[in-house]
Ligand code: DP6
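Given as structure tokens, the chain that follows is alone and in the form predicted on its own.
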Amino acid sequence: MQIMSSAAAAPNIALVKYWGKRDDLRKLPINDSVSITLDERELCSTTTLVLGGKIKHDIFILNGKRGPDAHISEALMLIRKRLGKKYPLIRKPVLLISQNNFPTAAGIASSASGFAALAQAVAGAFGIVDKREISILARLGSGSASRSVFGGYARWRMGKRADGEDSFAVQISPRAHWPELVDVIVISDVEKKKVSSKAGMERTLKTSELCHCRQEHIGEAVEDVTRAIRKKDFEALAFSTMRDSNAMHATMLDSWPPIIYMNDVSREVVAAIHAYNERAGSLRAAYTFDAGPNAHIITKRKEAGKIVRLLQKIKGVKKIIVSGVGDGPKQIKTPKKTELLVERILGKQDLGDMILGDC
């Protein structure tokens, strides 16, 4: 028996972020977080999962290159442990082919879209429709992927249980509720960061006094942004988004040794957005930074053109990508070129002299 299941999912950008885990293996955070899922027509990971049949061992093909990949292996181990009794086929070796239509190392949360697509592909293979379960499956690969399971606006509930059964995302509002928002993504650096997010979170939790101060107020920020989304109150959303981004990076700087993800271009972007809002006389745009120097500017579509022109003037900006709000992951028909690649791989599983190319 062989099953082939394909899915597509988009990354998300957190407006109130988590920075720290209470359980690293299960990806359980120390606080709730809120995000916007981006438009899968503009930024997308497409993942095909092949189970059973002729597959002799796990094979991962990511952006045209063969693994191994420890991150994916760990996620599959957890998914197999979770689903193996009910769906024994998941215990068999798999072929996983995943491709992004955006730069993987550009700070646009490719792990969130990739693992959300994987979770959706697994769900499609076994007929799983419960979004809570799909969110948990995505979380086992990447915490933020739990939010990309939903379109529009999502909230990842941290939960309190040690087994993680109450840690999953829920939808705050669908895209149709507030489709006017866009994310203007400012790429200034695509190099691999010196301190990984995992290591950065661990260091911050152990050494930053400000981290614990932020935790005292993070719940209020989550509620403020959730309320702002429901009311479509952009100024309230913008204020809380920028304050939380600043607070998170302050905890990193307060860590020892300090963790500094933002660069000179990042700081220029921050100054430019504050100046833009001051000239407008109201909050028209909000910056937020994940664990990296690349900025995400949340604004309304009618403002996006002016924001892009403003940011293009900043020296050191390499690329600007604009994405709207998305509808969430979709089960898709396996692309023909992927089907052909699957046939080639299964015919020669050592892959030693294969040129995989674009999948």
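Computed from a prediction, not measured in an experiment: that's the story for all the values here. Each residue number is its position in the shown sequence, starting from 1.
FYI, the form predicted in complex with the named molecule isn't displayed, but the following is about it.
Subject >> Answer option from R132, R230, R267, K198, heavy atom within 4.5 Å of the named molecule in the predicted bound form >> reply: Answer to the contact question: K198.
**OP:** Sort through G143, G124, G151, G164 and report the residue having a heavy atom within 4.5 Å of the named molecule in the predicted bound form.
**Re:** Looking at the other structure, the residue within range turns out to be G143.
Original post:
85-93, 278-286, 190-198, 230-238: which one contacts the named molecule in the predicted bound form at 4.5 Å, heavy atom to heavy atom?
Top reply: Among the listed stretches, the partner-contacting one is 190-198.
Original post:
Might I345 be said to contact the named molecule in the predicted bound form, defining contact as any heavy atom within 4.5 Å?
Top reply: No - in the predicted bound form, heavy atoms of I345 and the named molecule never come within 4.5 Å of each other.
Original post:
Can any non-hydrogen atom of A291 be found within 4.5 angstroms of the named molecule in the predicted bound form?
Top reply: The answer is yes: A291 has a heavy atom within 4.5 Å of the named molecule.
Subject >> 4.5 angstroms heavy atom contact with the named molecule in the predicted bound form for N100 >> reply: So N100 does not count as contacting the named molecule.
Subject >> Heavy atom of S111 within 4.5 Å of the named molecule in the predicted bound form >> reply: S111 belongs to the contact set for the named molecule.
Original post:
in the predicted bound form, which residues of 1-20 put a heavy atom within 4.5 Å of the named molecule?
Top reply: Residues within 4.5 Å: A14, K17, Y18, W19.
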